[in-house]
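Next up: a single chain in structure tokens, the form predicted alone.
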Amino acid sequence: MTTTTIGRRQKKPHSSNVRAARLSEVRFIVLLLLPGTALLVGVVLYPLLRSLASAFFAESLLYPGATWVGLQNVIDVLQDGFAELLSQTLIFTIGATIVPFIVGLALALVLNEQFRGQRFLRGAFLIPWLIPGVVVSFLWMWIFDANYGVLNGVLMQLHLIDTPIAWLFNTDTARGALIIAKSWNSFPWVMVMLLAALQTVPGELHEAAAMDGAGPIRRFFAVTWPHIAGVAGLVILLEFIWNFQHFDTIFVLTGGGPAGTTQTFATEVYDTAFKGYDLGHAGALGLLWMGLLLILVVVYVRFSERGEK
């Protein structure tokens, strides 16, 4: 019995060996996380904190050094057309969220039905989403061009207009042109998400509602919408957040013009920092912009948690 017990005790790993093995595992995990963490800190975290810190200094790209000014930059930004800039950003954001949602929902409802060519259309409608945003912007710049644009050519052939319209240089049409271009790029994502949600709606409920005499519209609001409302809410919130910070389409097509009518937070921060060379006011504007984005993110997180419950 004693010999057997001693043999069993010898087979048990020593506590120091276990501790060393665990320590080696921790080191291995740290080594795996280190490159990604360093990249995150160097590319995202440090530039973000550096930009936000410049909001409290009088700092310019034209000369070295920075002077502490506290909240003066923030006060200057709030007093210098901040409300108008916010309203213009919200107009673009709301328009570029509602239009692709309506188009995406309509296409999702159509593609949820069984018909010939359904699979081909599902793939074809994804093409605008797969094209990079800058390429989409140049495509729509060509469409809206006043001299050789496709849109003016078609409208003049149909005798709907007599002279070409400078869509991107007209204060009445530039904002709408931006919303159309951005919506064309983003509606496929909305369509895919809503189509996936529609696949989860039980067909028996539609059949029961049809037997009760409910028409297509009534069946949509009574059966379909309650099942996809959660996904639709998340899609709308995500699109709103993305459009609230969108840059490339606006920058390429109008650059914030004409006369600043399409200027948003994204383009204003760029112009202030790299055209006006004022890092302090650009940082203050970015600080306020990030605060508004954080509010939207909190709303999104609360909505998603509510949907999970």
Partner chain sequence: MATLTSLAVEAPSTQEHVSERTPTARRAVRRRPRWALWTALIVLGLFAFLPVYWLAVTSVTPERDAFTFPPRLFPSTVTFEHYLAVFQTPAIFEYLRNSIVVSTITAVLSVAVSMYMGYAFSKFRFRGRKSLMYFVLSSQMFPQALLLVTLYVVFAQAGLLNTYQSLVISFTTFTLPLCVWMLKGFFDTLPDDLIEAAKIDGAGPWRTFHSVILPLAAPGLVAAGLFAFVRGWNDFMFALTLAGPEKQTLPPGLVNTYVSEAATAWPELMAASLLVSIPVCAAFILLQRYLVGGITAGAVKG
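Numbering follows the first chain given and starts at 1. Predicted model only: the values in this text are computed from it and were never measured. Under this definition, the rigid core comprises the largest set of C-alpha atoms superposing within 1.5 Å between the forms.
One more form of this protein, predicted in complex with the partner chain, exists but is not displayed; see below.
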{"query": "Stretch from 170-178, 67-75, 227-235, 86-94 whose residues place a heavy atom within 4.5 Å of the partner chain in the predicted complex", "finding": "227-235"}
{"query": "Candidate site 150, 247 and 290: all three near the partner chain in the predicted complex by heavy atom within 4.5 Å", "finding": "yes"}
{"query": "4.5 Å heavy atom contact, residue 189 to the partner chain in the predicted complex", "finding": "yes"}
{"query": "Residue 51 within 4.5 Å of the partner chain in the predicted complex, heavy atoms", "finding": "yes"}
{"query": "Interface membership of residue 79, the partner chain in the predicted complex, 4.5 Å heavy atom rule", "finding": "no"}
{"query": "Interface membership of residue 29, the partner chain in the predicted complex, 4.5 Å heavy atom rule", "finding": "yes"}
{"query": "In the predicted complex: members of 197-235 within 4.5 Å of the partner chain, any heavy atom", "finding": "197, 199, 200, 201, 202, 203, 204, 206, 207, 210, 211, 216, 219, 231, 234"}
{"query": "Rigid core superposition, residue 37 Cα moves 2 angstroms or more between this form and the one not shown", "finding": "yes"}
{"query": "Large Cα shift (2 Å or above) at residue 62 between this form and the one not shown, core-fitted", "finding": "yes"}
